[in-house]
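Below, in structure tokens: the form predicted alone, a single chain.
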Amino acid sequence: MALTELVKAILPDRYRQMAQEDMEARVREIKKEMGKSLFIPGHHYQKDEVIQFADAVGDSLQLAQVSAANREAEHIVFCGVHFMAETADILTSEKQTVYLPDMRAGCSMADMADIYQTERAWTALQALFGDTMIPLTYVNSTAAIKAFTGRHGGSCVTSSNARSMVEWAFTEKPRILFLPDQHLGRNTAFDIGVPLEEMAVWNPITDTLEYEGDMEKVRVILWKGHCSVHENFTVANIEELRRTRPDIKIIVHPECRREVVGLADDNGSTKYIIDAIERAEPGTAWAIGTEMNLVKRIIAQHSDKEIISLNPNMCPCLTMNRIDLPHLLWSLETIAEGKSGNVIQVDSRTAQEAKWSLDRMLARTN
């Protein structure tokens, strides 16, 4: 981001000085004034102070799809992180504009795979393995990485459909390059029967393949990236609960390490976790391994069950939490005044190639 753009993106002081009730009242007023022309999608990991104003709550791809389907909405104020707003821009029409309330709201995982690293990796891996690979990218990736998979015949995946998409990929090529989350890739491949010894790790910092053994046996190349939130759930967390609370059931997200997923009672996407707790019998006890804002919300919604975080020292996703009430109000007032600020716009070529990747996924999972 250029310096002039960065200066424009800094929250004006007056929003920091406003009382919360005044900000809330003003947001409600703007929503009423703008009516159906305004749509606010809110990701599950957002703070309650933001979620209370969301017109839809869900996972990133779901929210992008809902935004695209809402043809009456001219202004999409996406309360999530940058790659989510990019996906919304890719899927929405030219008559719709997508905004991110705070341009600093990124994703550390998505940032672990940039397009320059990925192009270098692809060249090096083709030298090793020839034309035997198909790239898959978790939707938690930049538009440029989605476009990369699109133009190389690959696809996006979500944590809900990763298994079916990995199975599809193996019908296309004998090897998979999985970006940018090594843990989701490893857990998914393991679940469909690929042994750990047939998985290698590409290190984008050193531009090297981390693997010991016969290269011909490599079937999955995992990008060395991870979610900084889900990496903080550990084997020690599970062992402590097994010792002190053998009655508690442990459910985690597949972005957690393989060892953690293997020791948990269950694992699945955010929606899967929410649905599992919803279905659970009253009086049951659960430890959840996912982002803390969501865990707190689940606790508040299910007072008939005992629910805790798998890691008692967890904090919410720091980049997601950059979207707060002051930034939301600032974004809405900017739009209401007819000004342009914090607009997310993916260039047409990148958007088209990224859509190929998304469409391949949607054709097989919707």
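Remember, it's a predicted structure, so these values are computed and weren't measured experimentally. So that there is no doubt, residue numbering starts at 1 and follows the sequence shown.
Missing here is the form predicted in complex with ligand 13P; even so, the following discussion is about that form.
(message) Using a 4.5 Å heavy atom cut-off, which of 200-208, 138-146, 123-131, 244-252 contacts ligand 13P in the predicted bound form?
(response) Stretch 138-146 is the one.
(message) Contact with ligand 13P in the predicted bound form for residue 159, defined as at least one heavy atom pair within 4.5 Å: yes or no?
(response) Because a heavy atom of residue 159 falls inside 4.5 Å of ligand 13P in the predicted bound form, the answer is yes.
(message) I'd like to know if residue 59 sits close to ligand 13P in the predicted bound form, meaning any non-hydrogen atom pair within 4.5 angstroms.
(response) Residue 59: contacts ligand 13P in the predicted bound form.
(message) Is residue 83 near ligand 13P? Define near as a heavy atom within 4.5 Å, in the predicted bound form.
(response) Because a heavy atom of residue 83 falls inside 4.5 Å of ligand 13P in the predicted bound form, the answer is yes.
(message) in the predicted bound form, does residue 39 come within 4.5 Å of ligand 13P, counting heavy atoms only?
(response) Flag for residue 39 set to no.
(request) Could you tell me which one of 270, 293, 267, 237 places a heavy atom within 4.5 Å of ligand 13P in the predicted bound form? (result) Looking at the other structure, the residue within range turns out to be 270.
(message) If the cut-off is 4.5 angstroms on heavy atoms, which of these, 298, 27, 320, 335, is the one near ligand 13P in the predicted bound form?
(response) Exactly one residue meets the criterion: 320.
(message) Under the 4.5 Å heavy atom criterion, name the residues of 162-197 that approach ligand 13P in the predicted bound form, in sequence order.
(response) Contacting residues: none.
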